[in-house]
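We begin with a single chain expressed as C-alpha cells, specifically the form predicted alone.
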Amino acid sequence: MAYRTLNPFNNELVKEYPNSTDQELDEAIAQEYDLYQTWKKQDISERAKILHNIAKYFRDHEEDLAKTCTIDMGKLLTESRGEVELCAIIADWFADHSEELLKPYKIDTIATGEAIVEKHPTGVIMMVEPWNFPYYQIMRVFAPNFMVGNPMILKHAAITPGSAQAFADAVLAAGAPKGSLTNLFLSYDQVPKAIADPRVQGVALTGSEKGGTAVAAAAGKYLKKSTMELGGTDAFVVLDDANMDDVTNIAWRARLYNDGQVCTSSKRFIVMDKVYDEFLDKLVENFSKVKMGDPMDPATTLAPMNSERAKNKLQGQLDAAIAAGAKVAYGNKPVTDFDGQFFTPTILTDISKDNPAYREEMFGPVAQVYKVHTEQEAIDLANDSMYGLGGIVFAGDADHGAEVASQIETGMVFVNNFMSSLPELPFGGVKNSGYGREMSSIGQMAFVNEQLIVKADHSNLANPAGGLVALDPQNK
C-alpha cells in the first residue's frame, strides 16, 4: 500500500510518502503513553487553550489547508474551505464545553457513603480515517479525545497523505505537545499490531464495512473499546404533501455534494406517487446543470471522483444495475472533456429487489429513485437495508415528518432539512453502518473511564443497608 497524492483532476503524481516502520510505530506509542501520564495530572483548562489555538490555526491557514485537501482527493475548493471551517468550529466547541462535560457527578445510593463518578482518560487511541473528508474525520475524534487527555495515533487513507500530515503539523504548530496526534503511514498489517499494544486502549474507525469488520475483529481480540462509523444507503423520503420547492432545491445537493462521496449522502430517493413525476423531472433538470471542471475554479460545480479505482468500481456497479433491469433516467455517459476521474451524474429508476443496486452502497454521483404508494411502503422501503446511518424526510407538516422519521431505522434523520454535521449533534448509525457515536456529549465519552468512587460515611458503617448487603442480600 503506497501512500501518495495523485491529483484526481489531472492524474499528476504530486508526492509519495514512505511507509512507517514498526520501530517508528513503537516509538510513537511510547511517546504518546508518556504524554498520557502527563495529561492525567494536567488541568483540562490548559488543553482547552491549545485547542482554541488549533481552531485559530485552521482559520488562519484555511486557504493552504483547503488546497492541500482538494489536490489530495479532488473535492471542490469551496467544499474544502467549508471543511476547514467546520474543523475550527468543532475544535472551539469541545474547547468550550469539555470541562463541563467531564466534571464528576454524584449518584444517590443506599450504599454507605458518598458515590461519585469521575471521568478519566484511558490511554492512547488509534484512529483509522478515510479520504472523503480528510480533515473533518480526524477532528471528530481528535478534539474530544484531546480534551479528555487521550493521545492519538492516526492511520489515514493512502490517497490523502498530504492532508493527514497537514493536520498533524497544524496541531503541533498551534502549540500542542508532541504525541498529541502522531500521523503514521501504516500498512494494514500494522494496525492490529498497534491495537494489540497494551498502551493503546481504544480504536476509532470511519470507513468501509470491510475495513470496519477487520479493525473491529482486532479490537475484540484484544478487548479494546472501539467505535465504528461505516457506510450508508441513506433514504430521502418525500411524502405527498411535502413542499416540492424545498425538496427539489435540496435533493440534488444532498446527492452530489462532495461528488456523492459521503457516507450520509442521500442515495435512495423514496417518493410518493402523487409527486414522483415532478420530483424526477426536477432531479434530472438539476443534475443536467452541474458543471464539471477544475475543482480549484469557483465556476466548477462537480468535482472529479477521488481515484480511478473508485470511478471504475462505481461504473461496474452501474453496469450491473442496468443489466439487472434498472432504467437510466439521466446520465451514464463517458466524460471525454477531461483526463481526470470525472463521472457523469446518473439517475436510476425501476430498481427491483433482486437488483444488486438495491442492496449496495454506490459511493459517487448516482441516485436511485423509487416510487411508493403509501407512507408505510416508504417507511418499509427505507428500512429494507442492512445499513442504518442517516436519512431525510420531507413532509408538509414537520411534526408528522418527525413521526415518520422516528420509524426509520437509522442513527440520524433530518426532517424538512439538509443533512448537517455539527459538534453538538451526535453522529453515528446502527446495523452495518457501525456503532458508537462521535461528537456531542455522547462522543465526548467514547473513550473515557467513568470511574466510580464511594467514600465511606463512618457513622453509618453499621447500617444494614450498606457494607456487604449488595453481596449478601440475606445479611448473613
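These numbers come from a predicted model, not from an experiment. Throughout, we count residues from 1 along the sequence that is shown.
This next part talks about the form predicted together with a small molecule, which is not shown.
task: Sort through 106-114, 171-179, 137-145, 282-290 and report the only stretch with a non-hydrogen atom within 4.5 Å of the small molecule in the predicted bound form.
output: Contact criterion met by 137-145 only.
query: 302, 152, 191, 326: which sits within 4.5 Å of the small molecule in the predicted bound form by any heavy atom?
result: Only one option qualifies, and that one is 191.
- prompt: Using a 4.5 Å cut on heavy atoms, which of 343, 252, 370, 363 is close to the small molecule in the predicted bound form?
  reply: Going through each option in turn, the one that passes is 363.
message: Test of understanding: in the predicted bound form, would residue 331 fall inside 4.5 Å of the small molecule by heavy atoms?
response: No, residue 331 sits far enough from the small molecule in the predicted bound form that none of its heavy atoms falls within 4.5 Å.
message: Taking any heavy atom pair closer than or equal to 4.5 Å as contact, tell me whether residue 129 reaches the small molecule in the predicted bound form.
response: Residue 129 belongs to the contact set for the small molecule.
field: Exercise: residue 207 in contact with the small molecule in the predicted bound form, heavy atom 4.5 Å
entry: So residue 207 counts as contacting the small molecule.
- request: Considering only heavy atoms, tell me if residue 231 and the small molecule come within 4.5 Å of each other in the predicted bound form.
  value: Looking in the predicted bound form, residue contacts with the small molecule include residue 231, since a heavy atom lies within 4.5 Å.
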